[in-house]
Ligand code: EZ4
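A single chain comes next, written as structure tokens; it is the form predicted alone.
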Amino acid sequence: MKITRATVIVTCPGRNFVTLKIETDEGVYGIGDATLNGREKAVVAYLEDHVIPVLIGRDAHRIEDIWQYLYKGAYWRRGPVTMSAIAAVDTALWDIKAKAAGLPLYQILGGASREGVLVYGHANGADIGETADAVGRYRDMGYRAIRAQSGVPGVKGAYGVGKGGLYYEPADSALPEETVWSTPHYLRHAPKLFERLRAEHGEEIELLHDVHHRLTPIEAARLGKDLEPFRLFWMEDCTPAENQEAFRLVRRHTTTPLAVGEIFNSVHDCRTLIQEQLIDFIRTTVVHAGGITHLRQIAGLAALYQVRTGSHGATDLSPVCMGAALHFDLWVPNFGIQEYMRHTEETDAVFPHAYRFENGYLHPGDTPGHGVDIDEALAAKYPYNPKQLPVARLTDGTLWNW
């Protein structure tokens, strides 16, 4: 089965998505997500100028060989642009292979390891009361696990607090919005949020929280210890992980479970974290970590050390990535949880999909392939609209981690 054509489709049904479509001489095609939030056009150029020309004529079934060719053959390895482009190719090829076999992707990967994929939603509010109410609404929708974020007194534009509704999208301006951050205010406030949530919603619901790389290791350790009485499912991205060894300090001081990895691009970014059991959940994604082929390697390493998966699933990943992730989640033995931020109705129309939500779980469906398609005519009605993520500064003006 030879690759005859590959095209990049850029669309913005509420936010920007980049999709790669690979076609074959047998009429079977596959699609992959190539979205890199705020840097979408960089991946488009990488695909169109450097990847697509070397794909034409290759055997679409040789997924591993093509992955190695794109990774090793470029010489300049890793990085979010390269790995997102490779992931788009890899996802599309897995889609083709499963379609050619007439099977849902999870069956090609090895079959289901569970009946459904536990997911968590995002509850947020301008203050603790609003967040507590939002958690209640998510419970009413059937969620068993909920990430909770709250506005912080004295902090302008606290991370994770949307501007309304279910669709939190931080990349919302052509130039980066500047927000203000205060670690002392946040460290005093966050434990109060979870004290309220446990008092109001009890012990049965799983609660998660994203620190979004804002703390130093010792500050993260302090927060983890302060949150222990409220038994979080995890504390996410508590400190920047470029220095993987920093998590040793956090681990020594708290038993709050730790999750990290949404901005990782390869197994090398998390090898120390996994091998030293410094984290409990690895959050690498299909689109940013080189596709299903490489994500399997990361999960395999993690399984040796009792680290579970918890893949990123925000709205900056298209339904194509979500569909592929759910097939991966249904198969992977050491699954933990899947983030699930609902897309807008416009996005769902552009990307018709087979996955469905029920009683706190998602199922990818049994459509051959990964179960997500793209309506190219509808996609063309939503042209690219430049948007960038915010930046954060401390109260004295120092640029900080957003």
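The model shown is predicted, which means the values in this text are computed figures rather than measured ones. Each residue number is its position in the shown sequence, starting from 1.
Although not depicted, the form predicted together with this ligand is the subject of the following passage.
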| query | finding |
| --- | --- |
| In the predicted bound form, segment of 81-89, 134-142, 179-187, 210-218 with a heavy atom within 4.5 Å of this ligand | 210-218 |
| Contact test in the predicted bound form: A314 vs this ligand, heavy atoms, 4.5 Å | yes |
| In the predicted bound form, L389 touching this ligand (heavy atom, 4.5 Å) | yes |
| is_contact(W400, this ligand) in the predicted bound form, heavy atom dist at most 4.5 Å | no |
| Contact flag, Y159 vs this ligand in the predicted bound form, heavy atom cut 4.5 Å | yes |
| Contact assignment for this ligand in the predicted bound form, among P319, G261, P104, P170, heavy atom within 4.5 Å | P170 |
| In the predicted bound form, the one of N37, T367, T347, N334 near this ligand [non-hydrogen atom within 4.5 angstroms] | N37 |
| Sequence-ordered list of residues in 221-237 near this ligand in the predicted bound form, where near means a heavy atom within 4.5 Å | E236 |
